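Only one chain is given next, in structure tokens, and it is the form predicted alone.
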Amino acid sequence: MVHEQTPGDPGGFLSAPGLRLRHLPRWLAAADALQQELLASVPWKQEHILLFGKRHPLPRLTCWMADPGCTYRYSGLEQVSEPWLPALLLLREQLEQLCGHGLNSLLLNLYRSGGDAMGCHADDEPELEPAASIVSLSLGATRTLRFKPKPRSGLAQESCPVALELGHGDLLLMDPPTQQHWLHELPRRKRVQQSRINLTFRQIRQPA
């Protein structure tokens, strides 16, 4: 299955071998207000990663919020949790009802313009519950999210890349087993001047 979105695409359920996506365009009616609140209130920071002995800034700003006892590490970075904002706790309750399970952490990414991006990866860190959905909300500029099978998944020969255009207020649920078999990325878009915020809710395994 190949799904290249076009303007006016109503979204819906998208599937391919090992891929399960639910796209709900314009899901959040209060997207404008939430975007402005997050731009003003979130303690955004720019992380650095170490590559070949040199520190490089990530091409985006980030913030991580989580319940007590949650720990999360990605790209070699140990995340330090910030307190939940009240508006995000209310949003989390809505999303938990929608996906049918708990969401105890939130990674926020601020893409300041089309020059900021996210490289190809899967949300498959050992801290994450593999049976839970990854729930992603987009605010601001429309950007393309690309999916492609993992090279060693055995799906590369039978599945083609998938591209979604995610706009202001769009919700995307990446259901299992997507992270085990597919990678995704947010490529640069030099012509995009507006910012985009992405909120990615996850369920983190906690010690028994």
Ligand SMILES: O=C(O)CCC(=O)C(=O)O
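Note that residue numbering begins at 1 and tracks the sequence as displayed. The structure displayed is predicted, hence computed values, not measured ones.
Quick note: we don't show the form predicted in complex with the named molecule, though the next part is all about it.
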Give a yes or no for residue 200: in the predicted bound form, does one of its heavy atoms lie within 4.5 Å of a heavy atom belonging to the named molecule? yes
Q: Report yes if any heavy atom of residue 196 sits within 4.5 Å of a heavy atom of the named molecule in the predicted bound form; otherwise report no.
A: yes
Is residue 118 close enough to touch the named molecule in the predicted bound form, meaning at least one heavy atom pair within 4.5 Å?
yes
Requested in this report: Determine whether any heavy atom of residue 186 comes within 4.5 Å of a heavy atom of the named molecule in the predicted bound form, and answer yes or no.
Outcome: yes
Only hit among 96, 129, 82, 123 for heavy atom within 4.5 Å of the named molecule in the predicted bound form is 123
Every residue of 111, 145 and 166 near the named molecule in the predicted bound form, heavy atom within 4.5 Å: yes
